[in-house]
Structure formats: structure tokens, C-alpha cells
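Before any questions on binding or motion, here is one chain by itself as C-alpha cells, the form predicted alone.
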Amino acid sequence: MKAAMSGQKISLIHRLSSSLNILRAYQTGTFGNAESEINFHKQLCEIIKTYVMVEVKEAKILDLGCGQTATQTVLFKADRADVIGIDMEVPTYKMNLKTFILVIRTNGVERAIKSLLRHLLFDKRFFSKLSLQYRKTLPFNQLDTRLMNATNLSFPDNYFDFVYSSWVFEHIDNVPAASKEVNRVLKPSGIAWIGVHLFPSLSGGHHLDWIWPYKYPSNKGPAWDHLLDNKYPVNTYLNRLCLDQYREIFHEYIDVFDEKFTYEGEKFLTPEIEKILQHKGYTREDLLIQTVIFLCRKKDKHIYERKR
């Protein structure tokens, strides 16, 4: 699993443009939206109750790729769940000099500066709204968040009732290893919820000009630029896997019992673009499915060990 920064050469202009887009997204509430986070959290709680059949406060939960703000981790903790959040980036929901230095050492100077600015400009207001709207105190001092690689989890077998990962697997360089680890730590009665932002989709290149194409269509980079000339690259590692590749991997290492999709981009997919991208090997399904959620149960490890 790679850290967020890709290591590719990105021009200063593109870096500044990306930073301004992120700033704009926070200012408009597109990023750091308390209401959206709470609604999403309630959906996750319903999944736990429906499929794991335990109350959230009784569940042992892994937030795989919790992010710097660890928003879902803290909401689960507010519900009194036994939750652990892991990420390759240093959590910065609390920022002090020690944390700032750790971010520099772990994730680089650029990430540290962005994290500090986000914390100073937006985090306090966001967490205040989150606590007020959820009507619970956010117990940041009780959070268990760890720096950890998803391909090598330091947890025992059969440990978690619920493994949750939202828009993280597209950043993992060894998806088979991560999938195998999810299966290993999941209890036989547990559920994994894995949401993937698919690379071939219109917004799959993670360029912020195309993240919300219907609400804020880009007036700069062309649609599907990341599959065409990639004139507007982003400094984020993406494994570039398509839906069928995820399906093949997940069905080998974990028991997928349901898939849910969201779609985007049909009005932007001109016959010319579709023809070019079909020649590159992308199907219409690849281009129009934005996200897929895999609902999974534990697969007997001996099933895939016998395949080796």
C-alpha cells in the first residue's frame, strides 16, 4: 500500500491548482460536510445491524484507510464501538508540533503543510458541526488510530466483526495481499464493506476538476483526460485497476455476496471519446461506473490456499 503522494513529477502550477481546488472544496462544504458524513455513518450502522446482527456498541470494527481526520472512526467511537482506524498517513485530527514533525517524516513536507492548513482553517468548525449534528461528544482522546499497511495487518485472525474501507483500495498497490488480509482478520460471522472509486470512470483520475462532474463540470481539462493524454496529472498513487480486475481478485480471496454501483459521465461520453478509449481496452461499463461497493463475508482460507 503506497502513501498518498505518487512520487511522479507534477509541475508547480498543477500543484498550486490542486491546492486551490481542495481549498475551494472545503469552503463550499463539498469536503468536510458533516451532514453527509453522518448520513453515511448511519448507513454503515444499518449494515452492521442487518448483516452482522449485533449492536454497533458491541461490534469490533476496523476502519481501513481512516484518513487524516478519521471521521468515521470517531463517530463509531462516539457510538461506544470498539474501533481501530489505520492509514498510511499520519492522523491529524489533533495537530501539535510533534504530530507536524511526524507527518513531515512519514508523508513529506507538502502533505504536512496541507494538513496543517486544513487543520487550522477547517477542522475545528467541521468537528464542531459534526458533534452538534450527531448530538454526541467526539471522543478524540480515546481514539485508537495506527500507521499500518493494509497488505500486512498486525491483527490476529478472526478479529473484527466489521471491516470498512471507503475509497482506499484504488490507492493500494497490492490489492490481492490487502484482500487476503481483510479475509484473514474478519470473523466468520463478520462483514466487509469495501468501496472502490474506479480508475476508468470520469472522476477516477482524482483530478478535482472532474470529481463532481454534474455539479461542477470542468472548464479546463477534457473529460477522461487521465485515460487520454493525462495533461493534468495528480500527485496521488492510483493502481489503475478496472472493475473486472477487482472482481477477479476479491472473488478469489474473499466471499463477495453483493455489489452496488453508482454511475456518472454518460452525457460527457461523446462517440469520439468512447471510440478512442475502447481502442485502449476500456468498455462502456468501465467508463460509466464511478464506484462499486463490495459486500463480503469471510472465505475459508483453505479454499484459496488449495489454488496455489
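Bear in mind the structure is a predicted one, so any value in this text is a computation, not a measurement. All residue numbers refer to positions in the sequence shown, first residue = 1.
There is another form of the same protein, the form predicted together with a small molecule; it is not shown, and what comes next is about it.
Counting only non-hydrogen atoms, which stretch in 223-231, 179-187, 126-134, 165-173 is within 4.5 Å of the small molecule in the predicted complex?
Of the stretches listed, the one contacting the partner is 165-173.
Verify the contact flag for residue 218: yes if a non-hydrogen atom of it lies within 4.5 Å of a non-hydrogen atom of the small molecule in the predicted complex, no if not.
Residue-level check for residue 218: no, no contact with the small molecule.
Given that the small molecule is not shown alongside this chain, does residue 88 nevertheless sit within 4.5 Å of it in the predicted complex, heavy atom to heavy atom?
Yes, residue 88 lies within 4.5 Å of the small molecule in the predicted complex.
Using heavy atoms and a 4.5 Å limit, would one call residue 148 a contact residue for the small molecule in the predicted complex?
The answer is yes: residue 148 has a heavy atom within 4.5 Å of the small molecule.
I'd like to know whether residue 67 contacts the small molecule in the predicted complex, with contact meaning heavy atoms within 4.5 angstroms.
Yes, residue 67 is a contact residue.
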